[in-house]
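In the block that follows, a single chain appears as C-alpha cells, in the form predicted on its own.
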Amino acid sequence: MTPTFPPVFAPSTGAIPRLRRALSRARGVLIGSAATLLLTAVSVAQTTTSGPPTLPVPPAAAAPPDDGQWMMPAKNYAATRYSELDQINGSNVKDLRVEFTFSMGVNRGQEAAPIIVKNTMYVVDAYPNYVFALDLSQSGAPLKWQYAPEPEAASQGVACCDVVNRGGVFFDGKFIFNTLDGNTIALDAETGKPVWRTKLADISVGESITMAPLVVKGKVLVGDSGGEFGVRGWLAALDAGTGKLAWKAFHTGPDKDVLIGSDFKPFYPSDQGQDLGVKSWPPDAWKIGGGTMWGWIAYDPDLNLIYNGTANPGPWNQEQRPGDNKWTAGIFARDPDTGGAKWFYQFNPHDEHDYDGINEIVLLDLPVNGQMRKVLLHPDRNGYLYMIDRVTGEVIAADAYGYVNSITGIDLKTGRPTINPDKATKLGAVVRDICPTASGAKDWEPSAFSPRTGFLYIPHENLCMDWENVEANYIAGTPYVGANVVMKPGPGGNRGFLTAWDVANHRPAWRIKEDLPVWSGALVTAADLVFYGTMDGWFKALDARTGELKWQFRTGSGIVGQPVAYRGPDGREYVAILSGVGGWAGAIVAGNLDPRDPTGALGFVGAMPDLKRKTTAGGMLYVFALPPS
C-alpha cells in the first residue's frame, strides 16, 4: 500500500523575494511538490479573491488576554502556548542574550515548563522533583525558597521512559505539582511550605505520575502513568483547597467506574453501548489494560467541558487483547464538576502500535463549510492531525502531518482508521518498517498555535520501527509489554521536524527538518516568532510565517523542555527554557544506556545510538532577554 505523507512544495529561488513581500498582504501557505520535503523552510503566498480569510481563533473564555504571566504549562485552557508579548521580534531577536541561568541539580530529562506569577518563577525538576522559587525582582533571580518532596526511591523503577516531570501549575496562592511516586502536593507560593499532600498512585503495581496538573473550577486534575506495567488508567480531581478527592474516572471497566451515565452521547456507534470498557476486552483483561492519562488536558469554560486523552492499552502484544479495548487510545469530554463523561472518541481502536491518545488538545473556533464550528485539534501519535467538533465528538477532518504507512486513512463516516494489514503485528514474526514508530509521529511534546498566522507549530519525529510480538505475563509492578521493538530513522534519514500546519487549509505551510527528533515543546509569540529546542542543545527562534531561522543559542545539554515567554518586573520580555536531555528519546544519555543494544529504552536506542556523541546529560534553566534599552 502507498504510505501517506503530506507533500511540501517550494517556489523557484528567484520567486522567493517576491513571494516574501506578498506575505505582508496575504497569509502564507505552501503548495508544490514533495520533492522539496527536505528543504529547510519554504513558503508561497495565498491568492485571495474576497478579502483576507477568516483565521481560526481560540475561544475567548479559554484564552483570555495576556497579562505577561505564565501560570500553567499550556499558557491557557485553550492550550495555545501563544504569548501576546512582542518586544522580542524578527528584527532584534539576533540580539537575544542569556540574562540568567539556574542549575536544577539533577542531570535527567527536564521536561517542565517554568511557571511565572508576578515576581516569581517556579520550576520543578525531574526526580527527585525539587521545586525552586526564583525571585525575578532581584538581579540574577536568586533563590527565594526550595522544597524537597522526597519521593520514594523505588518509583524510579516503574518509570517507563525516564524519571521526568512536566511541571506544575499556580492557583489561588498555591503552586501545585506531582511527584514520580504518585503524590500531588500544594505549596504556599510565598513560603514553599506544604499546604496539603495527597497520595494518588501506587508504585507497587507500577503506577507513577509524570504529568503536569491542571486546575479547573477549583479542582486539580491528575492522571497516572504506567501503561507498560499493566496498570489501570484513570483521571482524578482533587479539591484545590484541601487536596481531598472529588471524583475519579477510570479508563477501563464498567460504566460506573468510568463515570458514564445517561448523558454520555458519543458521536460514533462503535463508542455507543453499555459497559464497553468490559465487553471490548477479554475477561478481566481490562483490570490490567492500561489507558493511563499522563498527557495534556484542555478546558472550554463556555461548554463547561474538560478534554483529556487516554493512553495505550496493555500489553503491546495486541493478540493478547482482542477487541476495541475501550476506553484506551482516545479522548474523553467530561464535566469537570462531576467527572461525568459526555462523549468519547477512539483514535486507535485496538491500538497495536503504542499510539496512545494523550497528546495535546488545542481549542479553536473556525469556519467549516461556511459555518462556525467549535473544534479541537489533536496531533495524534498515529501521524494524523484530527479536527474534532468539541461539542459532539464528530471528526471533521483528519490529515497526515508525518510519514504514515501503518494507517492508510481515517473514515470520517465511522471515525475509524483504516489499518494497513501489511503492518499488523504478529506473535513470533518481525514486521519491518512500521511508520510511525511506537513514540508516534509525535510524542508528548506540545504544539503551539498562533491566531496571527493560523498555523499550528508541531514539533515531531520522523521515525519508523521493526516490531515483534512476544507473550507478556502480568506480575504486579513489573513490565508488561509483550513486544520487541527496534526504532530507526524515517524516510530521508533525518529524525525530526518542526512543521507549521495551516489549520484552515489542512496542509503544511512550511517544515524544518532536524537531524534528531524534536522532543521539546513549541512557543509562538505575537511578534511572529516560534521558539523550540533540539536534542543536541540548540535553542532556536524562527520566523513564524516563513520558517526562516532568526536566532539560535547552544545550551549545555539537549533540550526536551517547554519554552515560555513572560514580562519581567522591569517590563522587559523574557524567554525561558530548561536544558537537560532525557525522556524516552534521550534515555540513552539520561540513563547511560549501551548504544550497541538497539532494543534499549523499549527500542528507542536503535534510533539514537549517536546521541551520546552529540550531547551530554544536564539540568539547567536558561532565561533570555534583549539588552536593556
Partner chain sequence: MSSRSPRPDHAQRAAALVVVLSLAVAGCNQQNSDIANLPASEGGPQNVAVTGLFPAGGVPPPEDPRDKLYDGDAHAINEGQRLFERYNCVGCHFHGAGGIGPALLGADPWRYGGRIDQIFQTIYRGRPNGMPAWAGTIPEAEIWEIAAYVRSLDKAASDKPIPTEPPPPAAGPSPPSAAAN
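Bear in mind that the values here come from a model prediction, so they are computed numbers and not experimental data. Residue numbers count along the first chain shown, from 1.
If you look for the form predicted together with its partner chain, you will not find it shown, but the lines that follow are about it.
This chain lacks the partner; the member of 143, 430, 549, 368 within 4.5 angstroms of its partner chain in the predicted complex by a non-hydrogen atom is 549. Just one of 473, 119, 242, 101 comes within 4.5 Å of its partner chain in the predicted complex, counting any heavy atom, and that one is 473.
In the predicted complex, no heavy atom of residue 105 sits within 4.5 Å of its partner chain.
Its partner chain is not shown here, but in the predicted complex it comes within 4.5 Å of a heavy atom of residue 488. Contact between residue 322 and its partner chain in the predicted complex is found at the 4.5 Å heavy atom cutoff. In the predicted complex, residue 593 approaches its partner chain with a heavy atom inside 4.5 Å. Listed stretches are 189 to 197, 353 to 361, 276 to 284, 302 to 310; the contact stretch with its partner chain in the predicted complex is 276 to 284, by a heavy atom cutoff of 4.5 Å. Interface residues of 478 to 509, taken as those with a heavy atom within 4.5 Å of its partner chain in the predicted complex (partner not displayed): 478, 479, 480, 484, 487, 488, 489, 490, 491, 492, 493, 494, 495, 497, 509, in sequence order.
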